[in-house]
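This document opens with one chain alone, in C-alpha cells, the form predicted on its own.
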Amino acid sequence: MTQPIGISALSFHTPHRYVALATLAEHHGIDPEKFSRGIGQDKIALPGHDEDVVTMAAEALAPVLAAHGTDGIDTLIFATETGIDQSKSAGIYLHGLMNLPANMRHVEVKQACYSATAALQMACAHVARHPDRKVLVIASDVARYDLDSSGEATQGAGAVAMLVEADPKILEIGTVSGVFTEDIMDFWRPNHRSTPMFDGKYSALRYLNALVEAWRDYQAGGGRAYEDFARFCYHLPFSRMGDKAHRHLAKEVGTRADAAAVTPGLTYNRQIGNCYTASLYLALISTLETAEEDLTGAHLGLFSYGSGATAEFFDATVVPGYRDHLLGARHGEILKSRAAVPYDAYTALWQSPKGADAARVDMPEEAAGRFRLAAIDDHKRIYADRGA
C-alpha cells in the first residue's frame, strides 16, 4: 500500500492594515457594489514599507515551526512572483530569520500564481522518495497594480506556509493531476516594471479554458468523478472568479453548480484580496476553517492557475483529526485585529521601498508582527526579528 503524503500544517499571514473597497469606490465616484457584488471583494491587505514576501512568510511559518519543530525538514521551496532578488532565493533570507538547520536545500520557484502548486507537487515527490524527510512550502506575494487602473481593486498581500510529510495530519494529496499550458500574454511583468501588464477579460477567459483542459487531463489520468468532491477550491484573483469557475466546470460535466461547494473557500479572500501564489491555498485554509460540518474523509478538488499560462487540477482528501491541527482561532484574530486606512494613507503605503542606489534606507517601523525589513543598505536587505 502506498504511504499517504500530504500537508500536516497550514498557516497564513496577512498585514495588519487594509483599505476598504468602499473607500476606493468613493474616491473613484462609483457604486461600492461594483466591488462588493461585482468582483466579490471587501478589503485589500496593505503591507507596510518594512513588510515584504520574506516578513510575511516568516510570520506564517513561525506557528508551524512552534508546533512541529525542525526535525526531518531538509528542504524549503519558496513560491512567489514578487521576487526581491534576481539571484538569491527569498527562502535563504527566511532561513536566517527563522534559524533553520544548516543542512537544508532552498529554491525559489516562479510561474505567476501557479508556482506554489508546483512547489507542493515537488515536495510530495521528494517525501515519496524519502519518507522520513519533511518539506516546507512557502507561498508569499504582494499583488500590486497601478493606481487608478482596472486591476487596482484586485490587489492584496499574504503568505501561506505548509509542512509536507508522510502520514499527514490535515490533507492527503492525491497522485493524479491534470495539467495544461499555453503561451499567452494575459498577465506579465517585465523586469523593468514593478507592476504588471495585463488584459483582465482575456485572462479570465483563458483561466476558464485552462480549467476545462486541466480537468479533462485529470479525468484522462484516472481522476475522481465530479460528484465525488465535497468541496472545490480555486485560484482567486478575486472571489467571484471562484463562482464563475465552479459554474464553468459544472457546465463541462453536465450538471448544475452547487454554490455551497465553493463558498467556504471564498471567505478569507474577500477580506484579504489577491495574494497570487498563496491564493489557492488561502482558499483551502478558508474551506477547512469555515465549513460548518466535519469534512473528515471528504475529497477536495483544487484548481491552480498561473497566467502566461500554466494550470493544474488535482485532489486532496481530509484526514481524521484534521481540526486539531488547524489554526482557525489564530487566523480569525489576524483578520479581526486589522485596521482600515483612509485613501491617502493607502496611496502612501502603495509606494514600495526601492533601495535602488547604494545609500542606506532605514524603513519606518510599521509592521505589527515579530519580523520586519529593517533597512536596505548597499543593496543588501537587512531583516530583524523583534521576538528573538
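Because the structure is predicted, anything quoted here is derived from the model rather than measured. Numbers for residues come from their place in the sequence shown, where the first is 1.
Absent from the display: the form predicted in complex with a small molecule. The rest refers to it.
Stretch 235 to 243 is the answer when you ask which of 168 to 176, 235 to 243, 120 to 128, 281 to 289 has residues with heavy atoms within 4.5 Å of the small molecule in the predicted bound form.
The partner is absent here; in the predicted bound form, the one residue of M185, A298, L147, A204 having a heavy atom within 4.5 Å of the small molecule is A204. Here is the short version: of E333, D31, D362, D344, the single residue with a heavy atom within 4.5 Å of the small molecule in the predicted bound form is D31.
Residue contact check for Y276: one or more of its heavy atoms lie within 4.5 Å of the small molecule in the predicted bound form. Proximity of I39 to the small molecule in the predicted bound form: non-hydrogen atoms within 4.5 Å are present.
Contact between G200 and the small molecule in the predicted bound form is found at the 4.5 Å heavy atom cutoff.
For the chain shown alone, C113 is a contact residue for the small molecule in the predicted bound form, at least one non-hydrogen atom being within 4.5 angstroms.
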